[in-house]
Each structure stands twice: as C-alpha cells, then as structure tokens.
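First come two forms of one protein chain, each written alone as structure tokens, so that there is a structure 1 and a structure 2.
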Structure 1
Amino acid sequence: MRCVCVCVVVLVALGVRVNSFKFKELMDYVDKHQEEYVQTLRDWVSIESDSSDVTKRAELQRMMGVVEEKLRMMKGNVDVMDVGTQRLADGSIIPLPKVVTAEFGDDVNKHTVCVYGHVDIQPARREDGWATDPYNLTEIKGNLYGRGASDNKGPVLAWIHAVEAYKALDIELPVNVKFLIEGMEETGSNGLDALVEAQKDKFFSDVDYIIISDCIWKSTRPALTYGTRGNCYFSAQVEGPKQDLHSGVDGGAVIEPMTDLIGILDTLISASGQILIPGVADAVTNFTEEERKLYEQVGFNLETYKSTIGVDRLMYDNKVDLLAHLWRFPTVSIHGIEGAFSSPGTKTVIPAKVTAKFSIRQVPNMEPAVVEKQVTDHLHAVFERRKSPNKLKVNMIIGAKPWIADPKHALYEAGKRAVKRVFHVEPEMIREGGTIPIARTFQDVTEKYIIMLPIGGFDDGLHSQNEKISRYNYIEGTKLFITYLQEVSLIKEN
C-alpha cells in the first residue's frame, strides 16, 4: 500500500509539472494584445535605424534607447555595453551604438537561454520601388509592410512580447531568459565579436543555449534552421591613368581599366554557375544521402520561387539541386563596380580607376584565409597574362565562416514540439543561403549550442523593396516563442 501511495504522489507531482504550462491563457493573452503588438512594431519601423548611413546614426542611437526603455519597463536587469568606435572614410571617429542586454530570471535550477537580435536595418527609399512609405508600417491584406518589419525588428519584438506575456499574467518563466540586442548587424556587427569574447565568462557564463531568429522560412510551412553559409567579400581595383580620359581623344592610347576589370571578373564563374577559381570548391563537404532526404521533405516550389523573384528560368530544374546550391555549395556573386559611369544618359569617359565588389559564399569545410589566397593568386595570374600596364589590387574585406548545427540535437527536438503545438504541423529542417556571422562567433567563443528559430515568411523580401512580415507570422510567432521556452525547460542535460 505504501508503494502505491508513493507512486500516486510521484504521478501527482509529475502531473503538476506537466500541466503547469498555462498554454491557453498565454495564447489568449497574445490574441488580445495583437493590436498593441502591431502598433509597437509600427513605432519601431518609423525609426530610420540604417547602420550603413552615418548621417542616420542619431536615429540608430535612438532605436537602441527605445529597446533599452522597453526592456526596463518589463523590469528586466538591463545593461548597455560599449563596443567601441568606428573610423569613417574621412578619418573621423564616431562611437558605435551600444549593445543592449537584459536578464529575466536567475534561477540556477533552470536552463538559461540567450536571445540574440538586431534592430538596425538596410537602406530604403520610396523611390527605390516601394509601394508604401518604408518607414510607416502599412497593413495590406494581412501583411505588415515596412523596412525592418521582418529583418529583424518584428522577430525581436515577438521575443520581447513572449517574455512580457509571462510577466503580465504573473506566470513564472520556465527558463531564465537573456537578451542581447545590437545595432550594427547589417554592416558586419562592428565590435560585437570582441564583446562576446570579453563577456564569455561573464554575461555568457550561465547561458546554456543561444537562440537566433534573424532568418526566414523556405516555404509556407514553419521551419527550423540548422546551417548558414559564410561569406568572403572582395574588392578588385584596377588603376590606370592619373585622371579620367576622353574616349574620343585617348581611347586608342591606353588599355582601359574597365576592360581589364571586366576581363578578370569573367574568369570567376561560368555561365552555368561553375566557380572557375582553382581549388575553391575542393574543400566542400560531400552531399550526403541523409541531407538529400531532408531537402526532399522541404515544401519548396520551383514555380512559386520563379514567380517570386521574377525570372522565367532557373539554373537547376529540380528542387533538391537548387536548394543544395542555395544552401550548401559555394557561389560567386558580383555586386557592383565603383568608379564606372552608371547615371542615365551618354558619357564618353574612360575612368582612371575602377573597383569591383564580389563575394564567395562559404560552406563547410572552406576556410576564408585559404579562399583569400586562392582568389588573390587567381586574379593576379589572369591579370599577368593580360600584360596590362595597369595596376591590380585585390583585398578581402569580410571573411565570415559558415555555421552548422546538429538538427537532431535536443534543442531542435524542442523546436519541433513547439512548432507542432502552435502550428499543428511538423517543421521543415532547412539551411540558410545567407550569412549570419555572429552565429559562428557565438559557437566558437562561448561553446554554447545554438538554434535558429525563424518566424519570417519566405516572401518577406528581406533587404529588398516592400519588405513585410505577415500579421499571422508575427502573432503566431510570438506564441511559438512562448511555447518554445516551455519546451526548452524540459530538456534533460546529458
């Protein structure tokens, strides 16, 4: 009889633990406050926090102040951390926007998660092709249009609202939550690597897991992201005459720098997408059958994708091959040329100096230092064969490593459970073709496990005109984050 009583007590105790998550109350709270959430996002989008434009630096500083104030109003343990200064092209030095951190809960018996996000944005102007004012959040057919709505102000706010819901209902957080919000992600997270290193044994000392929601789904189904590509970003400068020349007078007297530049750029990649730089693809990990099966399960539609990006033809005619080349194979992209005449009209000028910008997305096991040498050696060899009197200078500006996680880790299993509870579907397991350098920094420096948990839609238009987040994703994403905190609390440590 005593044994039965003990079992009953244990079951009751377990039942209390299982049922302590007040799912319905929290979900109802989010639904009742969604207009407030949309208005807060509208307020945040109205701040032109463009980190690439130093003339907007005051607005960026104001944005960081708004984040700090929001977290203080929630009674978090808030701090602002200095990440140093930035030297501008004219030699002047200005302070970088401070990183905002906050802590909610310090129970040593609970897991601690750190949520990372950023509130700086890409440039946006109405005349670039926006249908609405990019800094006035506008709702059209359930979509909330505005610069930063999806990248990354909406997801940051969804996380803040998730914690806020627990506190408003006086429900104990199932895990300790820390926030780390920065304002320079779109320009390379200036100063953040050094901050993470300095805070390894301080802010990050009790962190168990790091969560990043600066990414998007690949289809209409929710997703968990387990990998991103890195990025080696280069400039190649060809310099010739001391000054710009007139083609009608001097065109036959010199080898034009632009001709040399176009000539060497043409040796980077073939028309079929093959990288022509010797050795670059040699270190790429083999595409496994297990990976192929994961890609086959992604609900990615080629026709929808073509329509979304506005093309009639893609380089690959099946889903798996296309996803593989978007996610786990390196690619070369040419982004622009400085010094070239690009304004409307005609102009018969030979520029004296032109600079191309191009990048190579990195994948495991590529090393930026090796790629830098391969690219530099290749371009100089090609240039030498041209026997040009001009001068070539090649620089690698960014050398960001790829990041990849184990999609079978308990952190991802918790994500699957949370997605299924909120959205009633199994999530897709995806990788990201872009680069989020801080993920690899977090992994290498803190040695904590990381998950990327997106709520943005595949058609949100990050970095382009008419960026948006759907009201559905924003609100249901808040519910997902609330539920995910509960699921993480149930992870058993090995």
Structure 2
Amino acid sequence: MRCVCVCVVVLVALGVRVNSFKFKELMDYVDKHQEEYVQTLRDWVSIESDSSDVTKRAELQRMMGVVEEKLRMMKGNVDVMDVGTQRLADGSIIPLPKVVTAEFGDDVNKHTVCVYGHVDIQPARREDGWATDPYNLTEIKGNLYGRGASDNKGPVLAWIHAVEAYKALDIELPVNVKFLIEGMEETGSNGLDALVEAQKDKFFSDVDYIIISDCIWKSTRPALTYGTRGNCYFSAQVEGPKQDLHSGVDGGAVIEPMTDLIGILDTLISASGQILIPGVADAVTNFTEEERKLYEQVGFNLETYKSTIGVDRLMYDNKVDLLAHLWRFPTVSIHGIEGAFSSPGTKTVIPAKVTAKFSIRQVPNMEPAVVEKQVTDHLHAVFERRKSPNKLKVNMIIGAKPWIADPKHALYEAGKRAVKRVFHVEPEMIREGGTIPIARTFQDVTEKYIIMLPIGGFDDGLHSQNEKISRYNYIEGTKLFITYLQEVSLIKEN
C-alpha cells in the first residue's frame, strides 16, 4: 500500500479499534470450527510428502494438488509455478513439484502480505521410535502427533483457515493476502531462488511484507523471530572395492572405506564443540554486548530445555552462551552414514562405498560458497594424509544462507500487538537455530521486509520422532494470524 488511510490512522491515534475488525466474531468462528481444522490437518499429515526421498515424489505431488484445490475452493486466484527439474544421483532428471500461489484481494488501498509456507516433510518411520503412526495424526493429552504437524503443515493450514474465517463470515480482509506454498523446503527449496528472481517484478511487485511461520517458540511464551541460521549440508563419500567384502575373507588386505570415512569425520568438530575446519568460523560477526543483553531477556529455561530433550548436561551451562551457540554461532552435526550396515543384528561386512551426511549451521557473515570450499579442501587434505587408495567425493547438497531482521521494525511492532491481544502477554524476541532457506533470498531479491511469526511449541520435536503441534497452539495460532492481518493493516509506513 503506497498511500495512507487517514481515517484509520486517526482512529488508531485516538485509541479506537477499527470498527470493521470483528474480533470476537472471528475468534468464536475459529473455536467453533476447530474439529474441522484438526481433521484437515489429519488429512494433510496422512500424505507422506517426504521431499528427500524420490520414491515418495508421487505423494509429494499429490500433496501439492491438495493445497492447490484447497485454495481454489476458497475462491483464491490460484496459480501453479514451474520451478524446473531435479537431477538425481543416477543422472536421471525428474520435475520438481510446482509451487502453488494464490491471491485473496487486490485492493491497491490495502497493504499486501505474502505468506510463505511448505508442505513437504522430513522422513519418518514408525520404527525410528514413534509412539504412534507418523502419518496418522493422533491426539494425546491435547497434542496432535504426526510428521509435519508443526513443520509446516499445521501453520500453513492455520494461515489458510485465518483467511477462510474472514471469508466465511463475509468480513473484508484488512490486507490483501498472497500465498506461496512450496514442496521442497526440507531439501533446500530447490528451484525457489530462481522463481523468486523471476517473479520479483510480477508476483512480488505489489507485496509489502513477507510472513513466514516455519519456526517455533523458545519457551511456553509466544515469540517473534528475527533471525535464522543458514545450512550447508554435505555428503562425503568414500569409495573402495567394487562391492561389499567379507571382513573375515578380506579383512586385513584392504584399506577399508569405513575406516577412512570415520577418520576424516573425526576432524570436523572437537569433543567440546569447537569446529576444527580451518577458516570456517573466521567470518562470524562479533558477539556484541547489545546482543548479550537481548538474550538475557529471553525467558528460556535451561532446566526445562534439558528435561524436554532429555540430557543431563548441555554444551554450555548458562543461558546467554547457550542461546548464542544456537542462534549466532555455527555448529557441525553428523547425521549418519549411508551404505554401511545400519540394521539391528550383526553383519561381518566391509562396506564398499560409504557416504556420510553432515551439515554446518552457519551465521552472518559466513557465505555458503566459501564454507563449501573450506570444507572440501579440508576433507581432501585430511584424506590425502591417509594415503588411501580409496576415492573421496565431497558435495555440498544444500547451501542455504542465514537471515537476520531488525526486531524494532513496524512489522514486529504489529506482531507484538497481535500476540498481546490473543495471548495477553508480550512476545519474546528470539532467533532460530534452524534454517528457512528462502528467507534470505526473499530479503536479498525482493527487498521486502520479512517477519517470522511462529505458532509451533518449543517442544514440538521438529525432524524428530513424535513431532506434534498442540491443539492450543494450532487453534490459538489461527486466531493470532487473523489478528495479525488486522494489525498489519494498521502499519503506517511501508
């Protein structure tokens, strides 16, 4: 919105709520329809839209179709946008799931927000240790358990239901709302960067603000998120014999790929959490006194966190250092090894080709391209010293940049007002250790202002067994989104 609605501003200045925002009516509508909302989430969770596993691609495509149809039924102006193809490890090429967009309203006198979300999920198998079927949303003590319930199907649906509530009650939307829903977020938003670039002066031309709800609170208090870490996700493959060998028949004769791989993985990070890859941490911005003070204000409780995740001791024993290492310092995680013996039982195998997956969460001002070179050079140098006849291949599969916003921007002030109205508390101002790969692209390419507005609980277990969203967060979150649209409409400057 380029002009200012004088009457609204005057009313707000006088402390009078705008008449057209029927808060109670909208809130009641949400309460009355909550069973329906839960059922829709159940339908969505039942679709195994795992973007990391190409054998599940048909399910993911089906998921995208369901989103498209849902938005069309709401009379949105729906479009599906091609984001190209994906080359698989075997060299074959398959189409990426198309991005679904929708527009509700095009009043030039209103602000326009774009809600970004994703409906692909991380892998989940019952035998990983789920108490319930990960694809059958199951309510236990007010929590809705299922893969994708919180990351990110629940929040996407809450946004859809927020718009739907206005429309069902025939209440005019206070802002124009656009949706941009993708299906490849969990593997690095393949193709989306190019789409944003291409749509900069089309789909994004009239967008004022971008809202992302692909994150969670840090405690039981609602929060607004003003930063995320990036993610450089690597594979390191060591290849030796042409096929697996027998550790009795061949053990002692061959230089085993697994020994080589373990050897190089052990040079990534120390027991005390120090990254050992030369140069990687050099670009990290200084931890300022101002930041330290902000962190001190966060109502994050170390004891609660320890008991939630079930550990006796954390890497740091005070809140500020811990939050700093979750939010603004990089770290290395080793996720696992593909190609070795990973089943229960015993197998006396010498695996021929083993591929480790590990990732580095990076922060301002680290650059993925630089990290890629540092990691690749380091691993090859370490491998070289082993004088192994095996072959090492290092690949950066995902290179997503970190993102940071100004928590004092009007978009955040609107967020504070909305949280206060729905939850009757001040939100916490937090950052996110995880990555929303597209956030930084939105910022750099569209130059729009971005807010992250989470509704997921701190203990939702994203990417883990028994992921859930609580019914409370899902339903009150829908109310928050409804209210936030109204609060955004009151922003004066653009």
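All residue numbers here follow the sequence of structure 1, with the first residue given the number 1. The term rigid core refers to the maximal set of C-alpha atoms that superpose within 1.5 Å between the two forms. Being a predicted model, the structure only gives us computed values, none of them experimental.
Of the two forms shown, the form predicted on its own is structure 1. Annotation: Cα of residue 232 displaced by at least 2 Å between structure 1 and structure 2, core superposition. Relative to the superposed core, residue 334 undergoes a Cα shift of 2 Å or more between structure 1 and structure 2. For residue 285, a C-alpha deviation of 2 angstroms or more is recorded between structure 1 and structure 2 after rigid-core alignment. Core fit done between structure 1 and structure 2; CA of residue 351 shifted by 5.8 Å.
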